Every structure is written in C-alpha cells, then in structure tokens.
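There is one chain below, alone, in structure tokens, taken in the form predicted on its own.
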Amino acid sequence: MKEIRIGMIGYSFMGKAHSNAYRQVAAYFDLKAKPVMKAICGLYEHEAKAAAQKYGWEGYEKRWQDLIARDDIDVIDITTPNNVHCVQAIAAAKAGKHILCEKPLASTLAEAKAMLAAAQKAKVKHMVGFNYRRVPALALAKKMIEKGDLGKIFHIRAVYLQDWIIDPEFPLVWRLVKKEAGSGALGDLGAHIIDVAHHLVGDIDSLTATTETFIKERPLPPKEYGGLAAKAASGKKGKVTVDDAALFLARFKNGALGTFEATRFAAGNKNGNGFEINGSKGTLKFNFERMNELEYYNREDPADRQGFRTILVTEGCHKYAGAWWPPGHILGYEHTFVHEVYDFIENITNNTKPSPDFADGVKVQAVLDAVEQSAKSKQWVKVKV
C-alpha cells in the first residue's frame, strides 16, 4: 500500500486529537494510502520528545523549519497557536507539502489570504480543521437541506457555549492573548459555528456585532505551560486582550437570517455547540453534547402526528458511521478527527479538492474580521472576502 508520510507541528490538545486520528484511520476505513506518522515538533523539545513516544510518532524535531525541510514528509499538519499558522503554512506550501491546518485559519484576514495564495501557487492540497463537518448528524443535515426537506431556509440560530474561564483565577493562557490567538471566543468557538452556517445555509452577506471581555486581568502562568489547565504563577497579573464573548446578527446572501453566540462564560456548558435551522417545510436541531442525534420537525406530517422526532444517526447508511460500530453504538469527539484525516488522505490519493479548504477558511476569517469591525463601530458591516 502507498504511504503518505505525516509531520505535525504542535503536541497539545489538537496534537493529541490529530495523532489519535492518524493511528486509527487505516484500521476502520479502506484507504488507498496509509498515513505514516514520521515526526512531531513543538515549542519545547522535551515535550515534543515525550509526545512522540506517547502518541506513536517515529521521531521528533527540535524546530518546525527542520520538520518542513525533510524529504521524507508529504503532509504538514499544523496544530499550533493561531499566530504562527501563516508562516508555517506558507513555508510548508513552498516546500511542496500538503497542509492540514487547525482553525481558525489565521490571526487575520490578510494572513489567511496569504496562506490560500501560497497553497494555490504551490498546487498542494489544503484543508482547514473544521472537524464538526465530520459529525454524521451534520452530514445528514447537509443531505436533507440539499434535498429540499426543509424547503426555503429562513433562520439559523447557532451557539457555541463553554464555561472553562469563568474563574477569575484561571491563568492568562495563550488563548487569552490577542497576539497569539487573534481573538478569543470569537475565533476559537465562533469560527466553528460560522463554518457550519456556511456549510448548511450559505454565505453571510452582512452583520452587526458586539463583544465583551468580562475579566480584564488574569494571573500570569509559568513560563512553560501546556494545555488549558495551566497553573498560574503567584502574584503577577496580565491583561486579557481578547473577547470573552461575541454575539452577532447576520443576513445571508440567500435572504436567510442568523443569530450567533460564542462565549466561554456560559456556566454548565462544557461544549455546547449547537444550531437550529428553520425552513418553510420544517426544522433541524443539533447539539454536539448529544452528537449522535439530529432532531427533525416536518410540517408536512399529518396534523395529528406532527412533532420533533429524534434521529439516532448511527446506522451504517449514514456518512462515516458505517465504518465503526453496529447501530446504536455511539461515536465520540475523537471520531470527527478520524473522519477528517480519512477525507484528507482520500483527497490526496484521488487528487480531489478538500473541503473545507483554505478558501473556506478565508471566508470564515472574513466574517471574524467583520464581527470585530462591527463591535468597534456599532454598525452593520458588509462581509468582504
């Protein structure tokens, strides 16, 4: 079997998820080419070495530049903080490597456009890690909408709710620093629901937004820290330079309306990523905390039988689900990354266009940019890609 050799930059949360995907994908999906986990690298050499051993990589590199320069690597997988996506992706493209990059694509719209241009010029495959597209329930929602089961789409209500930084003593990790993250809940969480809306409803035309930072300062973490549960150093504090919450209203190019909310201050919500889509024929509802279910209301059902039905999306006929377990044996978060890697490997071997690619990432980045503009101006803003 042909091999596709992988090099990954980053070893924390997303590095762990992607590593698991590369380990699992060939065992459950029929592939024409098998991914080989060649090497990993990251900020600290000792952590990269430990991650390589723990997650099953053949080796590690001290510098990401050295990883990209290797002749025995075909794909560069980028799971680093947002502020280095651009320089790493452009370097990978110039080296002729295919690229899988975590979301949001970049820190700014200009960077995202530069990444797209570099990948297109190099004619390499490029994908953005919007893993929620790979949930079987969302694949079913896409299929139903395309078939016209919902009729004309009127509304989407999309939320991504978490609560992990409500504690004012939670440290100032990189996700709370603009120069590293680009934005806060907006880019981290909002990017996902924007992409889902683009995927299921269509492109956003204009919007009006507001953002808020509830806790202005936080304890500084130690110089070396990893993950979201970093311990704070005693005493000193630093300024939070990103949003804690972002909300916006949107008009879509096809006439639909949308409301979006992304926050890390919704107590009790650990990963409340969900949407409701209303159309002339019916409604779909989804909540990732119940990721194997899709709710469907059909206005064309007989009047005495109308009501929301819950579809358990685990039958083998559903996209991705058939590769795993018998019906009713549910999937989890980690499977979305396996599906993502499966699709990307297939794109490379079959020479087909990945989805979502960097062009889709640019469209999301344009919405993020418009949200920040609107939050400052307090005006409606046109989304300009």
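Counting begins at 1, following the sequence as shown. Fair warning: this is a prediction, and the values are worked out from it, not measured in the lab.
What follows is about the form predicted in complex with a small molecule, which we do not show.
A heavy atom within 4.5 Å of the small molecule in the predicted complex is found for exactly one of 75, 189, 141, 176: 189. For the candidate set 132, 252, 275, 260, a heavy atom within 4.5 Å of the small molecule in the predicted complex is found for exactly one residue, namely 132. Only one of 279 to 287, 90 to 98, 301 to 309, 159 to 167 lies within 4.5 Å of the small molecule in the predicted complex by heavy atoms, and it is 159 to 167.
The closest heavy atom approach of residue 103 to the small molecule in the predicted complex falls within 4.5 Å. Contact check for residue 83: every heavy atom lies farther than 4.5 Å from the small molecule in the predicted complex. The small molecule is not shown here, and in the predicted complex it never comes within 4.5 Å of any heavy atom of residue 325.
Though the partner is left out of this view, residue 271 does reach within 4.5 Å of the small molecule in the predicted complex, counting heavy atoms only.
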